[in-house]
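Encoded as structure tokens, the following chain is the form predicted on its own, with no partner shown.
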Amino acid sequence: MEKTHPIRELMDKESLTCLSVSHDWRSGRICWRASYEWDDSISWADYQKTFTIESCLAASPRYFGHATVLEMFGSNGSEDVRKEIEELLKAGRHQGIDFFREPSFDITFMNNMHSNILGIRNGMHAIRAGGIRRHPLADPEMEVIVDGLNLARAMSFKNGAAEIPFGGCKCTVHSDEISMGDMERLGFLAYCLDRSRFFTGPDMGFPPELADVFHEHFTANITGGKKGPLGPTGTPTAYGVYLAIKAAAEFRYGDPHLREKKVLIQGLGAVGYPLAELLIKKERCPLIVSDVDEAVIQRLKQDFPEADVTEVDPGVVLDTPADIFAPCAMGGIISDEEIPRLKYDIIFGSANNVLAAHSQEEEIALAKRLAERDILYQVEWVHNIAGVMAGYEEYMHGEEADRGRLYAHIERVCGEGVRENLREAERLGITPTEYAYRKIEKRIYPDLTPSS
């Protein structure tokens, strides 16, 4: 019988608090390490009060090297899981994963590390940047790992495109929902975050209010809370996507104005809702919207009774014709199987990893399939990057973070930057996705020749 939570089972059986795998994409070497570093008597609510990330938290710490960890996988019947993780790291040229486990809370914190190249000399505690996302315990563990690795890879390119000095990573928290008043669990997550040396912002399953609690009690390595100087990052992200859609419309139709164009928005969450607001207020274009939460659709209609808003069931989104499709929910929705039935001119949205791909080679191949269908598409990390720009502005300047400086940055990168990406791709006779990868990958993989 296939195990649904093999890493959790292994770590709990072997009494491990930490499990790490490192991958050198230059040589192909893989290294596993494991340890027991804290006792169950630790009060995580006291993090940064009575102890820090450098404190000794176990009366009898234990450390295990590569050969011993391989034996652990074998004796636990998880050899296939180890090999699958290693293949994923190799396929995406990832640097590794750190697993931190607190069994008393049934929480596994995963630091999915793609690259540190852009951040290793930035002079700051954090050398990577990426969001923090929670998956419920019902989700199979390998799905959580795959999601985290795909998002981490996208973050390396997103940070490069956003012109900020940080490598890429993604934190996935595998646990039940965590309340804002649960200082024990939040203290543990803050410890893991600081130890992982990245700064983050809220993503799915991790509301902005939790970021405020983190920031107030435990760590400055999180931005994007509602009480922060710039507020949640969904609004600036939506503005960047809006500018990108207009640039794409200008490229495709010869006119950036969208009044006569029908836009389908999948997901009215932290980004999708403010994107819908922008399209209604500034473009007055007809919208088709879809969300699993019927209440948010009704709220949009009530907020804008004059708007032309039609709703469709989430199950038929990809079968619904529109001029422009803006996916703003979960990623991995477009594969080889879906492409033949799509009826859009443009696909530009905020969802991460829209294409169901595990490597940039797979992503480029799927983008070519879309181009063959005469659908204008570019990988989303070129234009859904205003959130990380906002996080960078807040991380660097704290309470002095400036909204005007941020929005000027967004307009340059998500407006003119997108227009340049589309023009250059056309000049070279390749897809905008392939051109974007060519442009950024030589910075992330300096020892490799860019994709041909």
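Start at 1 with the first residue shown and count on from there. Please read these numbers as outputs of a predicted model, since none were measured by experiment.
Not on display, but discussed next: the form predicted together with phenylalanine (PHE).
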Closest heavy atom of K158 to phenylalanine (PHE) in the model of the complex, within 4.5 Å or not?
-> yes
Exercise: C414 in contact with phenylalanine (PHE) in the model of the complex, heavy atom 4.5 Å | no
Report whether the minimum heavy atom distance between R153 and phenylalanine (PHE) in the model of the complex is within 4.5 Å.
-> no
Does any heavy atom of G228 come within 4.5 Å of a heavy atom of phenylalanine (PHE) in the model of the complex?
-> no
Sole residue of D147, E141, E363, D203 within 4.5 Å of phenylalanine (PHE) in the model of the complex, by heavy atom | D203
Find the only residue in S290, Q378, T233, N111 having a heavy atom within 4.5 Å of phenylalanine (PHE) in the model of the complex.
-> T233
Per-stretch contact check against phenylalanine (PHE) in the model of the complex, the hit in 245-253, 123-131, 306-314, 80-88 (non-hydrogen atom, 4.5 angstroms) | 123-131
Each of F199, N352 and G391 near phenylalanine (PHE) in the model of the complex, meaning some heavy atom within 4.5 Å?
-> yes
Going by heavy atoms, what in 96-117 lies within 4.5 angstroms of phenylalanine (PHE) in the model of the complex?
-> none
